[in-house]
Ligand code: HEM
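Starting off, we have a lone chain in the form predicted on its own, written out as structure tokens.
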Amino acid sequence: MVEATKVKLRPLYQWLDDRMGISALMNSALHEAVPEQGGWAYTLGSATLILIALQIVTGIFLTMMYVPSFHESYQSLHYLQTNDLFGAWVRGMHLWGSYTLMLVIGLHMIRTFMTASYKRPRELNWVSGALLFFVVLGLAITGAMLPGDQAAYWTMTVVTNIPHYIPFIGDYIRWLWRGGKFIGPITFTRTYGIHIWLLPPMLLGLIGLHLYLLRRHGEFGAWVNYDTEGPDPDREIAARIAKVEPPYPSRDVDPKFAAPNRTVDFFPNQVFKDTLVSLLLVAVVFVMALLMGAPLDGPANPATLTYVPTPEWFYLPLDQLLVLGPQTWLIAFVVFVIPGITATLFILLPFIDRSPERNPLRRAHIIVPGLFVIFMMVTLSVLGINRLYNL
């Protein structure tokens, strides 16, 4: 019976294949060379993509139950929390998926930084990935402002007040976002629009660009994939380039780094690793959502004098910076100048580090400042946790 079904479906598949090129697309997507060494580290990129897809799917489900209203958002989520176990689980997956995504995308950027995978000809791979990172940050913070509970209201109050410290135009930006001087229904509507309609198209566009560039230049992986082993490096490199499969040799690059010394097929070798790591992370999200759910404070109360806003964990460094520089004249510097310079250097890293060296032990002028930034972020986070939770 199975064989008979296959025979009946074959003409339909052939018809679709002739018009859509399914076989050629699948062959191009699955049968390409990737570096043999370091394959488990490459899974962070695929895991990021899967977690983003999970966020999109759970977000779509939430929009079917969630009421995007300043006064009714809390009631709709409270109903999910108390009357719809499946809905509460989906909301938990959306929350823990966001947390996991921030962790994985951060590790992916660190891996790329340490292995110098951003160097020529992959500069735009890094730039698109860095912009993608900031868009995900924007989605995370705007999503935290939507539940309509105490945490969401005071997060919205703090975040929408930050533009106030921008010289000359800050008050106008705050008024534009809030729709007035204070938080109100318009603030909520505009934040919801940013979260649902503005940032997701940017996210999808950057993902498409990032994947295209990855397919064009191939996965760099790490410097260990390009070490020569014989007494004649030039001959070994030439032989490697002559026998390599697409997408190698990489364009416009030192011949030494044009092709890895050993490659394997993306399918099934790398697909297996990507699938295993992605399934493990999705399983962690499922379990955390089932066991922990998503917290929901009491309804927003603008008149309270005792509630202490607690930022999401990935914004703890910035929150602690604000505490260390409470004076008005310092806030603009702390919130915009320091993070702004850091973010700009972060995005432009491939154009700053133009040396051909890939080994991190020989790139102290880049690695040491990068590790210092990471150290400061961890330190500020620890200080913030200690301040907020009295640990």
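A residue's number is simply how far along the shown sequence it sits, counting from 1. Small disclaimer: the values here were computed from a predicted structure and weren't measured.
One more form of this protein should be noted, the form predicted in complex with the named molecule, which is absent from this view; the next part is about it.
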Checklist line | Listed range touching the named molecule, judged in the model of the complex by heavy atoms within 4.5 Å, from 230 to 238, 205 to 213, 276 to 284, 251 to 259 | finding: 205 to 213
Notebook entry, point to check: Given that the named molecule is left out here, which of W126, Y192, W96, W177 has a heavy atom within 4.5 Å of it in the model of the complex?
Noted result: W126
Next item on the list: Report the residue, out of T155, T100, T112, T263, that has at least one non-hydrogen atom within 4.5 angstroms of the named molecule in the model of the complex.
Entry: T112
Item checked: Residue contact check: L146 to the named molecule in the model of the complex, 4.5 Å heavy atom -> no
Notebook entry, point to check: Would L49 count as a contact of the named molecule in the model of the complex, using a 4.5 angstroms cut-off between non-hydrogen atoms?
Noted result: yes
Next item on the list: Indicate whether A130 is a 4.5 Å heavy atom neighbour of the named molecule in the model of the complex.
Entry: yes
Note to self: Is F61 part of the interface with the named molecule in the model of the complex - any heavy atom within 4.5 Å?
What the structure shows: no
Notebook entry, point to check: What residues of 218 to 241, in sequence order, lie within 4.5 Å of the named molecule in the model of the complex by heavy atom?
Noted result: G218, E219, F220, G221
